[in-house]
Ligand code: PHE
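Given as structure tokens, the chain that follows is alone and in the form predicted on its own.
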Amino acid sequence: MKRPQAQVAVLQAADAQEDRRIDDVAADADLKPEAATRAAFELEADGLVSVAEETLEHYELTDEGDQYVRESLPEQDLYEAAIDAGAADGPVQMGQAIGASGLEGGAVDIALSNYARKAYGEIDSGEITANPDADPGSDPEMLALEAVADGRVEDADADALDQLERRGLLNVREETVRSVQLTDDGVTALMEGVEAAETVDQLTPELLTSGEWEDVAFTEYNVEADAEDVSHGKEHILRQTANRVKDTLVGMGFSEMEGPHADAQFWINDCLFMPQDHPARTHWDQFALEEPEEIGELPEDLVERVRSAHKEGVGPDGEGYHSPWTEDIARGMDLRGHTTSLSMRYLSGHQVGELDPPERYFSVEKVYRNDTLDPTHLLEFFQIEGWVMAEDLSVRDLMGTFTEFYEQFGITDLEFKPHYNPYTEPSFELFGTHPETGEVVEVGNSGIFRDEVLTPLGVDCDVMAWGLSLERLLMLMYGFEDIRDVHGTLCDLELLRETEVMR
């Protein structure tokens, strides 16, 4: 029997009594592992060997994971500090507990995002409590970290290992190990004698011009052989969905807005008729900038009209807020908590000049809020901002716009609930049903701008507006239950690679 040289070498290196790993067979046969694997599959197809495979997982701590093994997890430090501060007996100020814990920078965010998840306590409205029954010394994730560090990964909890991988504290590498063993037919073939046949694996110009190609035996090409799995870069699913949203809104007749991520509170809040003592304007909800601390210039006439709306109201029945309003606060620079700051710039004519109705504008941009991290909240996320300027708009126009928009993404079960906003009246929130959990998820907020917003801007017709969450749209489309799996430092890279984009 004549076989290609690589197959003969694999047959002679294989064993009839036990499985031998391909790497060992390749070394004995003086072949590259890829060539030995290809030859083994070809021999298996002819019944001369059997090929078995298993997947092995190798665990390795990242630098951050190694640091926590030597010290402790941030959430453990926060719990101990909260206990010392008396949070087991009642709520204490979160800043007090964080300061006592010694945590700084990103470690604070990590501790806050995992504290409640592990039932160490609750965090709400700037206060923290501690569960006296919690046992951070038996934290499954810390025990799993220690097990990996000691080479005892089999002792670690599987769920804890998965969580550590999501947190970026652990790298998991999968290895497919193949083994070969001679079959009875393979043994018989060796006993009868197997010779190496002269084969050619590449058709060259020399073979063609000389005519030798007619006399040589070509190596068979196995199209079913496994190829190396190469992970390549691609556009993030969130960005793909954002671009699809943009295409959809452009198709509905909208134009896109652009503007600064860091802006004056004047554009972010004051033009929206948000009182300067509103809780949402504190550092608990927004990120203030130290440099620059305030904006350079604001349009003086618009500042005066906005100040008047806050202090005195608009129209003969206007009341205003009767609360302090100063231009110093309005000049303060923040990271925008919503992209409605862009809407204010455009509606006022400050960004692109005066607009005449009808007009439709949108943006799909990042916003920043000092929220507690959980499956549906992040410190930064994408907001789908939009507004329509026209005469005689109503809530039915607004609902119809949402129905048309969401139907483009396969979402037909929208629900609407009346809501209060300082800047719109009437106002309502939008909800959709999560396809996996069946839970009702808030996806946005909307309404028709009040006169106190539009009159200072110089707009004398109706404007309906909304702010929708791109990430929650993604959750409804794909069934993701935790937005941190697809966005942020804890994202699941394998999930991102495997998820197919819906069109």
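Bear in mind that the values here come from a model prediction, so they are computed numbers and not experimental data. Note that residue numbering follows the sequence shown and begins at 1.
Only in words, not in the display: the form predicted in complex with the ligand, which the text now covers.
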If you drop the ligand in as it sits in the predicted bound form, superposing on the site C-alphas, does this form leave room, or do 3+ ligand atoms land within 2.4 Å of backbone or C-beta atoms?
-> open
Any idea which of 127-135, 205-213, 159-167, 338-346 reaches within 4.5 Å of the ligand in the predicted bound form, heavy atoms considered?
-> 338-346
G447: heavy atom within 4.5 Å of the ligand in the predicted bound form?
-> yes
Does at least one non-hydrogen atom of D334 fall within 4.5 angstroms of the ligand in the predicted bound form?
-> no
Counting only non-hydrogen atoms and a 4.5 angstroms cut-off, does E141 reach the ligand in the predicted bound form?
-> no
Does at least one non-hydrogen atom of S179 fall within 4.5 angstroms of the ligand in the predicted bound form?
-> no
With the ligand left out of view, which of R369, R244, R305, H350 would have a heavy atom within 4.5 Å of it in the predicted bound form?
-> R369
Sort through Q265, S101, S113, T424 and report the residue having a heavy atom within 4.5 Å of the ligand in the predicted bound form.
-> T424
Residues in 376-395 with any heavy atom within 4.5 Å of the ligand in the predicted bound form | Q383, E385
